[in-house]
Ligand code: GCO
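Heads up, the chain below is alone and in the form predicted alone; it's given as C-alpha cells.
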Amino acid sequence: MTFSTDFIWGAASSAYQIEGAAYADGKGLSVWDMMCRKQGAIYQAQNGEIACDHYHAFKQDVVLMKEIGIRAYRFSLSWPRIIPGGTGEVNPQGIAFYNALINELLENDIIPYITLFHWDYPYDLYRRGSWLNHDSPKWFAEYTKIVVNNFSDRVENWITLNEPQCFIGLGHQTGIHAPGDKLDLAEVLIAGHHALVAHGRSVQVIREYAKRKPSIGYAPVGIIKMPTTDAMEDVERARHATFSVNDSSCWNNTWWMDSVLLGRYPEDGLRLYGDAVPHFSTDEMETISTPIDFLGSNIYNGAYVTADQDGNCKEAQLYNGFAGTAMDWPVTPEALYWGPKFLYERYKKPIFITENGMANTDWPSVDGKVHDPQRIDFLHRYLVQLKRICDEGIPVKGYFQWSLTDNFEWSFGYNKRFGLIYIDYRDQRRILKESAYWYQQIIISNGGCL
C-alpha cells in the first residue's frame, strides 16, 4: 500500500499557538492576546505570550522537521505581527521573521504552505467592529497583498482562512474562543458573510499579485457523518447528513463550503436561519466563490448516523467506553475515508487533509523518551482509511499532521498535547516523540509500511 508518488506529507501549526514573542519587535495585539486577559477564559489563566517561543527557536524547529522528514510545513502568519494595527504601517521586523522562516524551510527542502488567517485577528481592528465591519474584507485584502508582495517570490501554496466554523461560531456566537463575544444569530451571520467575502477578495489578490503561479485553498472544519454499514441507504443517509444544516449554530459544512465552491448558500440553511440571514449582493456571492485550486479539510473525527423508528436520520449511540482522545473526541478512523469521499463527490476539488491528529497525555519517561503509542495507533488507523479512499481514485493530495509541536491549545491552555514534538514549557526543551519517528517511517515508505 502506497500513496501517489507526489503525495505531500506534512505537519501544521498556527502563529499564536507556537510563536510567543507576543509583544516583541513591533508586533501588535491580537484578539487572543485580549482573550487571555479575560478572567476564567483560559485554563489556569495561561496565555500564548511565550508558547513554544518558535519566534526565537524556528531554526531549531526546522532542523527537527528535517529530521522527521516532513516534506511540507503548513504555518500561519500573525496578521498583527506584519501589520500591528491591522491596516496601515507594515512592521519590517515581522516581515523579516517570516522571510527568515521561509528561507530556512526552503534551504532544508521543506515546502511552505502559508495560512493567512488562523484566528489571531488584530485587536485594533476588533475595536473597529472586526468581521462585523463592512470594510473587513477590504482590510483582509490589503493584508493579503502585503503578504503576497513580500513572500510570493518563494511561496506558491496558500490557504486563506482556517476553520470559520470556529472563529465565527466559537468566537462570536458561543464566546468560547476569541474574541469571546456572544452575538445574536443575525450578527454572527453578518460576521461570517464578511469573512467569506474576505476569503474571496484574498483569492483574487493572490491571483493578481503572486510572483509565482499560486495554488490556493481554504480550510474549513470537515464535519463528517458516517454510515453504520456500507448499505446504499445508510451511505446516502450519511451523505445527506454531512451536507445538512440542522440548527442555528455555525457547526455545519454547507454554509461555509457551498458558498465558496458552489456560489450559493444552502437552501436548508437559508430556511432555518430565516430573517437572520444577512442581505447580500450577487457580486458578493461571486466574490466568495472565486475559484480555488483545492479544498483543505480539518478532520479529527466523525459521527455515525442511522435511522430512528420513523426512518429519520439520527446520530448513532456509541457504546460505553468507546475510544476517545484527551480532548474527549471519539476515535473514528473512517472519518478519513467518508470525509474526502463525500467532499470530493460534492465539490469536485482536490482534497488536502489540512489537520488531523490527537491530543494525548504525553510526558518524558524515566528513559528520557516520550512514548506515545496511543498516537501511533490513532494515526495508523486513520491513515489506513485515507489510503483506502486514495485507492478508490479520490484525489487526496496531501496530509498535514496536527501538530508539529505541543502548543497553546486555545482555551485549554497547555493542558492538551497534540504534537509530534514534546515541549517542556519550563525551558523550551524539545523532544521528538516516538510518534515522530513512526511518522518518519511513514514518510520514507510513502505509506508503504502501513
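Counting begins at 1, following the sequence as shown. Nothing here was measured: the structure is a model prediction, and the numbers come from that model.
Keep in mind that the form predicted together with D-gluconic acid (GCO) is not shown, yet the notes after this line are about it.
Participant: Quick check on this chain: which one of W158, W79, Y300, F97 has a heavy atom within 4.5 Å of D-gluconic acid (GCO) in the model of the complex?
Facilitator: It is Y300 that has a heavy atom within 4.5 Å of the partner.
Participant: Among the candidate residues T144, Q173, N162, T242, which is the single one with a non-hydrogen atom no more than 4.5 Å from D-gluconic acid (GCO) in the model of the complex?
Facilitator: Result of the distance check: N162.
Participant: Using 4.5 Å between non-hydrogen atoms, is Q17 touching D-gluconic acid (GCO) in the model of the complex?
Facilitator: Residue-level check for Q17: yes, a contact with D-gluconic acid (GCO).
Participant: How about F400: is it within 4.5 Å of D-gluconic acid (GCO) in the model of the complex, going by heavy atoms?
Facilitator: Output for F400 is no: heavy atoms all beyond 4.5 Å of D-gluconic acid (GCO).
Participant: Though only this chain appears here, would W119 touch D-gluconic acid (GCO) in the model of the complex if you measure heavy atom gaps against 4.5 Å?
Facilitator: The answer is yes: W119 has a heavy atom within 4.5 Å of D-gluconic acid (GCO).
Participant: With the partner left out here, check for me: in the model of the complex, does some heavy atom of Y209 sit within 4.5 Å of D-gluconic acid (GCO)?
Facilitator: The answer is no: Y209 has no heavy atom within 4.5 Å of D-gluconic acid (GCO).
Participant: Would you point out which of 35 to 43, 22 to 30, 384 to 392, 402 to 410 contains residues with a non-hydrogen atom within 4.5 Å of D-gluconic acid (GCO) in the model of the complex?
Facilitator: Correct option: 402 to 410.
Participant: Suppose contact means any heavy atom within 4.5 Å; which members of 333 to 355 contact D-gluconic acid (GCO) in the model of the complex?
Facilitator: Counting only heavy atoms within 4.5 Å of D-gluconic acid (GCO) in the model of the complex, the single contacting residue of 333 to 355 is E355.
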